[in-house]
Structures are given as structure tokens and as C-alpha cells.
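Listed next as C-alpha cells is one chain, alone, in the form predicted alone.
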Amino acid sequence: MDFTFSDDQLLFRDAVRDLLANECSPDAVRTAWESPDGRVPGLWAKLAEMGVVGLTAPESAGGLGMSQLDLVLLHEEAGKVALPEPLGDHTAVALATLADIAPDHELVAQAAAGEATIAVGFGDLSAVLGASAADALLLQSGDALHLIDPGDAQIEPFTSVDESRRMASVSFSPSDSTRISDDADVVSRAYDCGVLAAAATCIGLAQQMLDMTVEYVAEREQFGKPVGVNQAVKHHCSNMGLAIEFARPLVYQAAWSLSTDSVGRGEQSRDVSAAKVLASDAADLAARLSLQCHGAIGYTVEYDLQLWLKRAWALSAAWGSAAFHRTRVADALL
């Protein structure tokens, strides 16, 4: 079997990479911190025009009808630029789920076009990303999924460690009129799509921190020579690279698993959790070692490294920490 990505998938990734390089610079991310919704003005519309926002929506609703395997490379690119847009929650989770269970819902076409944004919350609703500015909420309550209007929920915003991630505590009263599925497999699959998106984004974050560190230690001189020639610094960079290269194939394999009907629901969850374990570990390690290699400048607000550090700290724990998913893998195997 050939597990390589197709030429079309790679070309799409490269096109998105070019767009993000032009539209989501570190300065743009910093500006997003000051905006009411924590997002880059106009970027979501450009991603929608390219087809990224509606990638998982059915073609009948104006989407591309693609799978998590087509999306995984784009999550990685999002991590590399610390993208402050809800690509994971909106496209990977909400649209993909609605495409499976309610493809004709009027919200699907609006969300695919980027005209409406859907925030999602699973399990603990004390930290829902983008709930305050969302046009709809896809929330789990017990074994059911509910699609509700934000006006029908109690939303209390709070400040996150990552300024561009606008979080909120959400509570609502479930009713039959808002319930769109009580199928446990639908709920668990939707959750796994969110886990996969976070894992893939962690890989992009870790890769960017490694690349920044390698460039910095090659240029920064101490005692008349680049700090990168020191054996300890080389070891730190090598350890970051190893963690990323071990994690990345598991993320890709999990995306393939979620996109393949022949793989059972339990096996899909196991694969996704295994990917999140190594991706979270890689992001945590890259954050710690890149900060150490940069020294004092890495702690400053003015230096760009913090953009990726904060996102890595947030996403390594989001959708379940490495410890949580290790237990999930163990339960699946035992």
C-alpha cells in the first residue's frame, strides 16, 4: 500500500502555506491579540475562498467534500504560523460532523462559505474556544450532541495564556429541539477529529520552534563563536527533531485511520490518542528546549518565540493531555 500524500494534497498544502506566509505574519498574530475576536481581519474570508474553511463540508453545500487526511497537512501549516483562526474546531470538528449527520442543514452552507463560525465544546465546557464570537455552538451533553444558538447559552469569557485563544465557560439547558445526535459513535468521532487537529497543529508548532532555534543558535555568538557549535545545544536541537519525526508519522496515520471506513471506531480512537501523546510531548519538549537555547531573549514579549510557546502550551493540553491519551491507548490495548 502507498501511504504517501498525493500530488494534489501536497499542492494544496503549498498553496495554503503561501497564503499564510503572506497573510499571517508574526505581526498579524500580534495584531489579532488586540482585536475583539482574537483573529486576523480578512484572513478567514481568504481561507474560505481557497476552500480551506469548507474543506470537510459536502459539495452540495459549497464545500470540497474532503476528509481528515486532506486536512491534516493544513493543520500542520496552521501551527507553523500560530494561526489564530478556528480551523480545527470549525472545519475539522463541526463541519465534518454536520456533513455526516445533517448535510442539508442551512448552517452547513453558511459555515462552509465562512459566513458563519461554529464553536465546539466536548466534555468539560469550562473552556470553549471562540464561543463569545461564534454564530452557533456544537456542544456535547452526556452522550448527545446539541447545536444551539449562542443566545440560548450562558457564556462567560476569560483570559487564556495564549492571548489569541479567546476562551469562555459555557453552560446550556439541553432539549430535544437542539439535539442533533445521540449516537455514541458520532460523538466519539467528533471528539477524535478535534484531538487529531490539535495533534497536527502541535507538530507544526514544534517544527517552527525548532527551525527558529536552529537559525538563532547559528547566528548568536558567544565568546567569539556561534552558540550552536556547543555540543549541549546540538543535543537539544537533535532531541527536538527526533521527537517531531517520531510524532509526525503517527499523526498522519491517525488521519488516514479516521478517513478509512474499514478501520473500526475503537481502533480510530486508539490511533488518534497515540498521535496526540507523541505530538503533545514533542510540542512540550520543543517549547522547553527552544526557550532554553534562546536564553533570556526567549522570555521577552517583543521576541516572536512566545507566539509559538504559548500556543504549544495551550494545545499540548487541549483535547486531552498526553497523560489522558496514554491512559486511553492503554485501555484500548488492554
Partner chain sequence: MDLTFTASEQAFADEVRTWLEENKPTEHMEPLDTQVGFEQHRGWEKQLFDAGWAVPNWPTEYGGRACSIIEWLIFEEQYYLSGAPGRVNTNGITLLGPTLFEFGTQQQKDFFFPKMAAGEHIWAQGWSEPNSGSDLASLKTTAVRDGDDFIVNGQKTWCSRGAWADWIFCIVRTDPESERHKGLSYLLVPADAPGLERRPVGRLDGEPAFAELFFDDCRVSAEHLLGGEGEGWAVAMATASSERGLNLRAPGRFLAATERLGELYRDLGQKADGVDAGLRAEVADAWIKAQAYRWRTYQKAGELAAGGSMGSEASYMKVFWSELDVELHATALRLLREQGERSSDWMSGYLFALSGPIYAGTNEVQRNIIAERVLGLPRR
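Numbering follows the first chain given and starts at 1. Since the structure is predicted, the reported quantities are computational estimates derived from the model, not experimental observations.
Just so you know, the form predicted in complex with the partner chain exists too; it's not on screen, but the next bit is about it.
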Pick from V217, V170, L87, A96: which residue has any heavy atom within 4.5 angstroms of the partner chain in the predicted bound form? V217
Could you tell me which one of T159, S177, Q231, Q222 places a heavy atom within 4.5 Å of the partner chain in the predicted bound form? Q231
Can you work out whether the partner chain is within 4.5 angstroms of a heavy atom in all three of F3, L210 and P226 in the predicted bound form? yes
Partner contact for N239 in the predicted bound form: the partner chain, 4.5 angstroms, heavy atom: yes
With the partner left out here, check for me: in the predicted bound form, does some heavy atom of L107 sit within 4.5 Å of the partner chain? no
Contact between H294 and the partner chain in the predicted bound form at 4.5 Å, heavy atoms? no
Does any part of A287 reach within 4.5 Å of the partner chain in the predicted bound form? Heavy atoms only, please. no
Region of this chain that lies against the partner chain in the predicted bound form, out of 137-145, 121-129, 252-260, 159-167 [heavy atom, 4.5 Å]: 252-260
Going by heavy atoms, what in 312-330 lies within 4.5 angstroms of the partner chain in the predicted bound form? R326, T327, V329, A330
